[in-house]
Every structure is written in C-alpha cells, then in structure tokens.
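Shown next as structure tokens: one chain only, the form predicted on its own.
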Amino acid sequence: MLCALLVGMLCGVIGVYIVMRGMSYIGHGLSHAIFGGAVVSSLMSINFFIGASVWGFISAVLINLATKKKTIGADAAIGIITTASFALGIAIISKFKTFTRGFDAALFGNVLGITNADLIAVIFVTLFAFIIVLVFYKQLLFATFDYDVAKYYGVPVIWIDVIFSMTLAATIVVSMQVLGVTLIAAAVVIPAVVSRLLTNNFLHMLIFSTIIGGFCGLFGIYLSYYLDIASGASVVLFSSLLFIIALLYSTYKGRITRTINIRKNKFHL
C-alpha cells in the first residue's frame, strides 16, 4: 500500500512536466526502452536498479536529442530507439528465459511481488524527485514553458534536461513492479491531465497531480484486490475514471462560464 501510494505521487509530480512539455509520448517510449535494460541487467547478473536506471538514462538522453533534430521526425526517432530496446528484451527472454522478475509482472504490474529492496528504492527515488523539483523549481518551470528563452537568459537547459532525464528514468524503473511497462505512461500522464483540467495555476497543478496520483495508486490497489486484476491495470483504470469525471466537470464549468459571459454582454448592450 505504501509503495503504491509513493509510486502514484512520484508519477504525479513528474507527469506535470511531461504533459506541460508536450512529451507524453516519451513516458510511453521510455518505459518500453527500460524493459530492454531490465532484461539485459538480469542476463548479466547486474543489480536491477543500477542496470535498468543506466539504460533508461541513456535512452532518455537519446530521446531528448532526437526531439531536437529537424532532419527526421522526433516521433520516428523515438519509435526506433524505444521499440528496438523493447524488442531486444523480448528476444533475450525468448532465447535465454532468464528474466527472474517475471515477464507478466514486468509488463502489467504486480504489487504483491514488491520486496523490501523495491520499497527502499521507491522511497529513495520519491525523495530524490521531490528534492529536484524543490531545488530546481524555477529552472524547470522556465525550461518547460519556453526552452529557447530560458537558454537565452542563462538557464543551464542542457543540465536541466540531463537531471530531468535521470529523474524520469529512475521513476519508470521503480514503478515497473507496481504498474508494469505497458501502463506506466498512462499513470504518469493521467494525474497531470486531470489536474490541468481543474486549474490553470502551475503550482496548484503540481500539488493536485501529486495528490491525485497518490490517491489513484492507493485506491487502485484496493480495486485490484477486490476485482482480482493486475495492479497496474487497476490503477490506470481508476485514473481514467477520474479523467472522465474531470473532463465532464471542466466541460460543464466551461459552458456555465460562457453562459454567464453572454448574459453579461447582453446586459451591457
């Protein structure tokens, strides 16, 4: 329960920067890329968190570089990098069958497989991510909304990208056991999108997304127990339900606001 709560909060806070940068596809692609690193780490008997994190960090840097290339489409470059890494993982599993963490759990999540080491890693990465957001709040905010202007005013955007890529990679690595590779992207994006529908204030969005992410992680685990389904699927389905509710609310609120404005205009006329 604690692990699901922390993973939800972690994905929520990181997801805000992903969504506001228009990089939702990176969360999806990077999760698939890290799967390849996890399998290679298992094959080489390297510590899972170290091996997968290094692989994920390199993949994130390559993806960031790909998004800035104008010669080829960013989506094409990202597709090549992430799909190749994911395919490598599948190929190794089919050949050697040595992926000890469980293929189904890696793909769809299994919170019952959490170990003490997994929980410690989640706590460490969560604290690390929150410290990064607090320390580099202004720089991350500036680089998120206007990369070129931030660079012009002396913000070390390259280092900010490196730090953010490292944090994102670590987030996906520690979330794999709970959410699964195929569902991490949704868990990262949905809380941020829901909070965006509720507020236009960035700080409020950051707070709302963290709370929503934690709530979805916690309640999703309850649902997975009673419905007897994979934990990752349960968390994402519950998050999707909240998204639909928030979307309906924002649509209704928008109509009410437009109606009030029209009536005011008629009154002035």
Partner chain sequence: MLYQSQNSLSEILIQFDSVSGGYEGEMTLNNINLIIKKGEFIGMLGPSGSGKTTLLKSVLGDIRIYSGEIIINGKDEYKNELNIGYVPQLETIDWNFPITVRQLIEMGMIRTSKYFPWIKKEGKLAVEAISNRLGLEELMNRQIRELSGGQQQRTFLGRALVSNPDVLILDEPTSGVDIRTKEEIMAILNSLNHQGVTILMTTHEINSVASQLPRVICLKNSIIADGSPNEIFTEENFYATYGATVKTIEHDGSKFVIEML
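Here the structure is a predicted model, which is why all the values come from computation and not from measurement. Positions refer to the first chain, counted from 1.
Below, we refer to the form predicted in complex with the partner chain, which is not included among the displayed structures.
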**Study point:** Proximity to the partner chain in the predicted complex (heavy atom, within 4.5 Å), stretch among 116-124, 167-175, 183-191, 144-152
**Key:** 144-152
Exercise for review: May I ask you to check whether T199 falls inside a 4.5 Å heavy atom distance of the partner chain in the predicted complex?
Suggested key: yes
Review point. Does Y137 reach the partner chain in the predicted complex, with heavy atoms at most 4.5 Å apart?
Key: yes
Check your understanding: Taking 4.5 angstroms as the cut-off for heavy atoms, does M205 touch the partner chain in the predicted complex?
Key -> yes
Practice item. Mark M20 yes when one of its heavy atoms lies within 4.5 Å of a heavy atom of the partner chain in the predicted complex, and no otherwise. Key: yes
